[in-house]
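This document starts with one chain, in the form predicted alone, laid out as structure tokens.
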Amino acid sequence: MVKVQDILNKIEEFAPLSIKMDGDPSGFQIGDRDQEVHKVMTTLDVRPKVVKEAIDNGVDLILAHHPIMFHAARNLDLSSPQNQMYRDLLANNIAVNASHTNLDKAHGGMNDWLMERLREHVDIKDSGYIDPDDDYSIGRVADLTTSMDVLEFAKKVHDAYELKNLRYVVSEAGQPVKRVALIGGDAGKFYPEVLKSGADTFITGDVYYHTAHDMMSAGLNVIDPGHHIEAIFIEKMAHKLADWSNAYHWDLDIIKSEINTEPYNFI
């Protein structure tokens, strides 16, 4: 028998909540920690269609990357889809845990997964932390074996993450891509730290227009593959959970959400 708390304990060892960014609501969000778990589902986001998928599949616990509760509820009016989603989860005894910035920073976590995927398409000779003095730096930095122009590199990022579209910015310095920093999600605010790492190119999502100008003039190429590349969590966390299940003889059924939570369409 495995309970919700048993799984939370392993997640805490892997991606401690103590390393999350200030203000990030990572951690256990909904449900009963003492509840028995027979079926777990991994997902990037917890949205109404994902909750229906979990209910239809008899899931007991959802492991997500993005927290379901970024902000406190002001009321419990069920005309709100968000509040109805909370009700549906509680009514069906489905617990929810989110591993967000703690997983981004964790060794072998989100940003390592994303760097590993990039390695499959780009020759990288070594990699490390954006801040080498911080054992849990938010991002990763890597040196390419051979430099390439920005467009060529952008195409490789496009292929690595199987994207429909991406945006890129060419620095005013006009330098090729040689040293790359990577932070999944929305991390444009960290570009000063990226500059200190010696990177000439920054991969991150949801880059704000004016921040893109600032990075361009500061000497950074920018590759914006969007936020949804973090959907790699679905597969990687399922594998991690399967390893724990085998090691601790948990009788768990592990499924991966098939709902595409990318909100954007491209033409």
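Numbers for residues come from their place in the sequence shown, where the first is 1. Predicted, not measured: the structure shown is a model, and the values here were computed from it.
Quick note: we don't show the form predicted in complex with another copy of the chain, though the next part is all about it.
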Exercise. Is residue 86 one of the residues lying within 4.5 Å of another copy of the chain in the predicted bound form, judged by heavy atom distances?
Worked result: yes
Problem set entry | Partner contact for residue 154 in the predicted bound form: another copy of the chain, 4.5 angstroms, heavy atom | yes
Exercise. Should residue 186 be counted as a contact of another copy of the chain in the predicted bound form, where contact means heavy atoms within 4.5 Å?
Worked result: yes
Exercise. At the 4.5 Å heavy atom threshold, is residue 107 in contact with another copy of the chain in the predicted bound form?
Worked result: no
For this session: Answer yes or no: in the predicted bound form, does another copy of the chain come within 4.5 Å of a heavy atom in every one of 33, 207 and 267?
Result: yes
Seminar exercise, completed: Checking 120, 135, 126, 77 against another copy of the chain in the predicted bound form, the residue with a non-hydrogen atom inside 4.5 angstroms turns out to be 77
Exercise. In the predicted bound form, which of the stretches 157-165, 126-134, 175-183, 110-118 has residues with heavy atoms within 4.5 Å of another copy of the chain?
Worked result: 157-165
For this session: Any residue of 31-52 with a heavy atom within 4.5 Å of another copy of the chain in the predicted bound form counts; write them all down in order.
Result: 31, 32, 33, 44, 45, 47, 48
